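Given as structure tokens, the chain that follows is alone and in the form predicted on its own.
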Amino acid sequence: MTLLLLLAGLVLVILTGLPVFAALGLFGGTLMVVDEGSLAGLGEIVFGKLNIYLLVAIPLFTLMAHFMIRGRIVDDLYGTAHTLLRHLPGGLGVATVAACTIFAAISGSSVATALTIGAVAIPQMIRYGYSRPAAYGVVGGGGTLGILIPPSGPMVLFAVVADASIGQLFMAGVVPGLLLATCFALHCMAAQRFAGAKAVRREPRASLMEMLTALRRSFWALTLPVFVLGGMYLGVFTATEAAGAGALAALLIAMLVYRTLGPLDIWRSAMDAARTSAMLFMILAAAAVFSHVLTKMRIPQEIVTLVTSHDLGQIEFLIAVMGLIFVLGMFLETISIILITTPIVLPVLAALGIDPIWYGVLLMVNLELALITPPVGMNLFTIKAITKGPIEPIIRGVLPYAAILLAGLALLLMFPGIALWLPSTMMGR
């Protein structure tokens, strides 16, 4: 009951419109004063949470994404996907999903994926005869892959808070991410195949020369995710080293291959990455205070006692937690949910013998749902910003993708090996 009251109070504070870091910090600081009588240990708590080497990966992966975005490489990625897949039923939708998948492996952000791919894909799909809900839906659904397919900023945050391996968590997101992307693509194909007279006319298959030309044009951009993830999988570098190598590779590709990144673009990319990272670190610092108070109040220990006294198994507990996170996802954004809930559930995961890597992937899929669930679905508002249209057709468009994500969540609950197989084969793990 105490936990529910605390969560309700925190949600109310956040809904006042305060920035997330301010809401978390003020709420946690108030509880700290009430429980301990002072803020004497505040500096030590914040420094201890931020003085972690793994956090260096966040600004470096963010910098890598900004180099690729400002280098305008996404146009080639989308063009290549369209050339290779345009002959399929719903080919443009399938190409959009493919472009979202590839860009997700570059950007590490669902909002950036939806914004960047959506700006290119939505006008194109509407021009080719797709309905507005269909065009909005495929970008909204495909954009969610940004936090599941590595590298992923939310995954790094969860790994830091949970003291889990970033490399293993990244690898655990690959198979579920590709599986969901395949399901999204199959939905696009099925929707057009059974659309009857409303179906969009299929385009002719690209010639071999067109395919080779498209692949050659985007070759270096396509190799970047392989370079970063392959290096981690083979044990060549750690997640933090992979972030640095990826940022350097993205800079060289944009400057020397595409020649679309000038000195001013490099400066602006660095400033954008610094702003994004500073925002995340401020939220992380505020969440550290809230987490400290919860621990002092023995909330996690009480939950462990409650779960063990009711003899809940792994699946029952995970279903309950996923239900809670689904509800929180209607009101809070992904970073807040990770930082609020993870310190609470970690002791229970340990008590029930639940692999934190498995839980981390389940959490990411649930957070994907949060991105397209009203009233506070970030991808919904991102698409609205692109199209400047009403929200209702956007919500209608993403509903099938929300259903696919729910099915994927259930599948991962029943078969954890889908997420855990690839990390188990990593070298140097």
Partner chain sequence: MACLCLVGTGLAAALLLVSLALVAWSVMMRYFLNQPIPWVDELVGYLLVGLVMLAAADALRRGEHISVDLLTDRLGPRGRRLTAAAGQLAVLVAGLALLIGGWQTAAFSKLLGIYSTGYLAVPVYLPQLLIPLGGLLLAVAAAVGLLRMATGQSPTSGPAEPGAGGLRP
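Numbering follows the first chain given and starts at 1. Quick caveat: nothing in here was measured; it's all calculated off a predicted structure.
The same protein has a further form, the form predicted in complex with the partner chain, not shown here; the description that follows concerns it.
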| query | In terms of non-hydrogen atoms within 4.5 angstroms, which of the given stretches 107-115, 160-168, 91-99, 340-348 touches the partner chain in the predicted complex? | reply | 107-115
| remark: In this chain shown alone, the residue from M297, M189, A206, I266 with a heavy atom within 4.5 Å of the partner chain in the predicted complex is I266
| said: Give me the residue from I395, M378, V365, M32 that has a heavy atom within 4.5 Å of the partner chain in the predicted complex. | reply: M378
| Taking heavy atoms and a 4.5 Å cut-off, does L18 contact the partner chain in the predicted complex? | yes
| query | Is G43 one of the residues lying within 4.5 Å of the partner chain in the predicted complex, judged by heavy atom distances? | reply | yes
| Do M279 and the partner chain share at least one heavy atom pair within 4.5 Å in the predicted complex? | yes
| Using heavy atoms and a 4.5 Å limit, would one call A402 a contact residue for the partner chain in the predicted complex? | no
| query | Would you say all of N51, P59 and G244 touch the partner chain in the predicted complex, counting a heavy atom within 4.5 Å as a touch? | reply | yes
| said: Under the 4.5 Å heavy atom criterion, name the residues of 262-277 that approach the partner chain in the predicted complex, in sequence order. | reply: I266, W267, A270, M271, D272, A273, A274, R275, T276, S277
